[in-house]
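Let us start with two forms of the same protein chain, each given on its own as structure tokens and named structure 1 and structure 2.
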Structure 1
């Protein structure tokens, strides 16, 4: 398996620190607002990575944090006259529900910043003891970037003084413009946390380093985790600063491999609230099925910037529909999973730095071959058995084709209409049981009047939107 390492700027063979085991940490959401398509893209990419690692036989420990300490959270709590917990619980719950609709599995570990303060205090103290941090007269604690000879080696940035001043919070108490806060002292009556360094709030970069040390790091390991991931916008300054903190505050580096997914653009513009085009995931899910969004957002290689537009989304849905139409042809069959050449080829494609284009091409070819053979005379028992195994493997590895094939084609029908159709089908089933065929035919016509197709199978009657 090869992965593109953002730090080395090249694809590298993946070799975990402990044979057969992988530790993966991904930067999760700051829960002060609804999730947008950028959050969805990152969650989907690393959900796919976790699935592929597992398919290779690795025991994966996947952690994705929740940032529930942040000035934006505090500001919203004040604005809405709510507690921080009320704000963070609401948006964390919404995030979980929306990710579930995309088929994103919950991580094995989901640490919260509020539950990791002791780990943060310990890391700050180590950095102070090692002379990699200093406390200012006003009570702030800063990381001293000049003390770390490897600073900026992750992002490979070369900064001039003006850029440092633009990108990093300015303070007359800092030794260097690039120094960043580990602890921010707060003197007013706003929400604070008690610490050995006084009342205040932790720096954002500190949180992930501390949570990784608490939940994933092994003292004897060369790296705290095997893989650290997140969006490309986090490479600098967030991941650069995380790496510096861990490197200088512990006896190991932060990650053996760094992975970053590309930006999400909407009709060619980078998604940004400052541009006024932030596309909230909850709004997309009102219009599009979650699995369609999953297929679409994963259809472009994870490192590429993604241009979200409705025309491409419609094309992606048609491509996903092919999987479900094939599932529908085999709906009445049962099978036991078996290994096939297709499955080996699909995993091999994804083992090449999650090559999704090659993977989808293989799926398209498999579907075409299966349909062509099924269109010819014969029972094709072996092909059907292999195809069902392949579809089950696609479901497990990529999360495509997870629903009943008929239900997939019901999206867009109002829930009230669905209940009416369900009730009519139940009445029709009862009429058929007592051999009242006139009533059964009348009820069928009533169902078809909703603009749907009705299919009778040994497993029951199913319908789909025309």
Structure 2
């Protein structure tokens, strides 16, 4: 397969360090608030990547961290008079529940910063020993960017002189304005951690490097992980700094391939905390089925910026509906998984840097071909078998079509309403039996008023939520 490597800014053949095995590390959430659509996008993109890697026969070790040490967490804990664990457990739990609704599989490893402090201390010490880090008078430990000749090679940034000057004034303890904190000393009574460097908190960038060393890397490997992923905004400074720490504090570079997913905008506007237009996942999930959101957020290439709006979401649902309608036509049939050309083509499309558009086009064409044949008289045993295999493959590889089709089409409808619709359909069936079409059509209008579609089939009348 080929992947776009954002460090080399080109698409290239993916070759893991150890044949048949892939290590994947993705920057996960800082659990101080509810997850928004951007978190969902990132989790979905790398969920898809891990599925595609597995489908190619790789044994994947997927790690996504939980950042549970952070100033924002600490501030919130102080504000609400809670422990940081109370705060982080709450949002971690919410994150897991919401991701599950999106069909995002749990990574193999989910390291937490609080459980990786030893690895962080070890890395800081190594960097101090190597003279890649230094202590300041007030007890902070900084990474010395001037000691790393490869610094900024990942993000391809050029240090700006005027920028340098501005920042020198604001942080006089640093040798170089680009230097970043590995350990921040804290003198007051707020929440701190005891380290060999005194009381304080680890720097933001440190945990990823430390966790990767602890959980994924082999000392003799050239790269700590095969693939490192995260949101596009993390390229600088977060990933640049991570890469520097690992390069200077260990015997290897951080990642062989870097992957960054594009941003989610809302109605053309950047979504951000400061603009106050964050679309929280929990709110979206109240209105939309998690699988519809999954389909929608994955329907555009992972590197593009994504413009979230309800109109496109509705279009995405219609496209997902097509999978479910075909599923419905084959409902209750069993099958043995078998390989088909379609499956091969689908995987080939995804192997091209996760070309989701080509994949969805293949799926739509497969659906149309199947419907076309099913519309003609005959039993079509072979086609049905193949189609069921194809649908199962789509479910496994992309996570689309995971539910019972009747559930899918009745998302968000109360049991009470369902009963009312059922009663109206029964009345209408009776009217139809005696060919009282005026009454039948009037009843249909009543049913449609519930915001559903009604469809008459040889097996009875069915409804779908629009």
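All values derive from a computational prediction rather than experimental measurement. Residue numbers count along the first chain shown, from 1. Rigid core (definition): largest C-alpha set, two forms, superposition within 1.5 Å.
Working note: structure 1 is the copy from the form predicted alone; the remaining copy is not. Core-superposed comparison between structure 1 and structure 2: CA of residue 448 displaced by 2 Å or more. Put the two forms on the same core and the Cα of residue 422 is off by 2 Å or more between structure 1 and structure 2. Superposing C-alpha atoms between structure 1 and structure 2 reveals a rigid-body rotation of the smaller part against the larger of 50 degrees.
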